[in-house]
Each structure stands twice: as C-alpha cells, then as structure tokens.
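This document opens with one chain alone, in structure tokens, the form predicted alone.
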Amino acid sequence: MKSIISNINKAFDHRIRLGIMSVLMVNEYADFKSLKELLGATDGNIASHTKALEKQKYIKVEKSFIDRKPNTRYIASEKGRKAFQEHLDALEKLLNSKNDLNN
C-alpha cells in the first residue's frame, strides 16, 4: 500500500522554499529583494534556499545590472511548476483523505 505522504516533495519541506515557490507560481518572476521582504527572511536564508531550488532545476536564476546595481531575479521553471503543483495536490489529497482509524 502506498503511503499517503509519498507524493509530498521534500524539496518544499522548508517554509522559505514553500514561500519562494508560492510567490513564483503566481508571478512571472521575483527578485532577491522582493522575496526577502515578502518572506521576512535574511539574505542568507534566501540565498541558500534559492540555491537548493536551483540545484533541483525548479527555478531559473537571471543576473543583471539595474542602474549599475546587481539584480538577481528568479523564475519558476516548467519542472518546478509541475513539481510544486504535484506537491500541492498531494497536500490537498492528504487533507481531504478519510481517516480509517474511526472505522
């Protein structure tokens, strides 16, 4: 029998990664500063968690300069969008599952 939590993706276990992907699912992109402010996270938190998502190829990173200042922006990849949606579906299924303990 397959576990009801087997489709929950460990890449999204941490609240910062969950937040990053949530922001990127509803926006075309988000820059480093926006993610930091929206999620109330430190520079180090954003840097390490975006690196982890990039390593999984769930996000793409674009670096550029705006008025001579470095700007890093993040975009959810197709692989990332698919994986995150599957994760959300698994959570929803878990929340909506009938508990057989009372039967």
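Remember, it's a predicted structure, so these values are computed and weren't measured experimentally. For every residue, the number given is its place in the sequence shown, counted from 1.
Just so it is clear, the following notes concern the form predicted in complex with the DNA, a form of the same protein that is not shown.
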| item | value |
| --- | --- |
| Interface membership of K57, the DNA in the model of the complex, 4.5 Å heavy atom rule | no |
| The DNA contact in the model of the complex: A47, any heavy atom under 4.5 Å | yes |
| 4.5 Å heavy atom contact, H14 and the DNA in the model of the complex | yes |
| Touches the DNA in the model of the complex: N71 (any heavy atom, 4.5 Å) | yes |
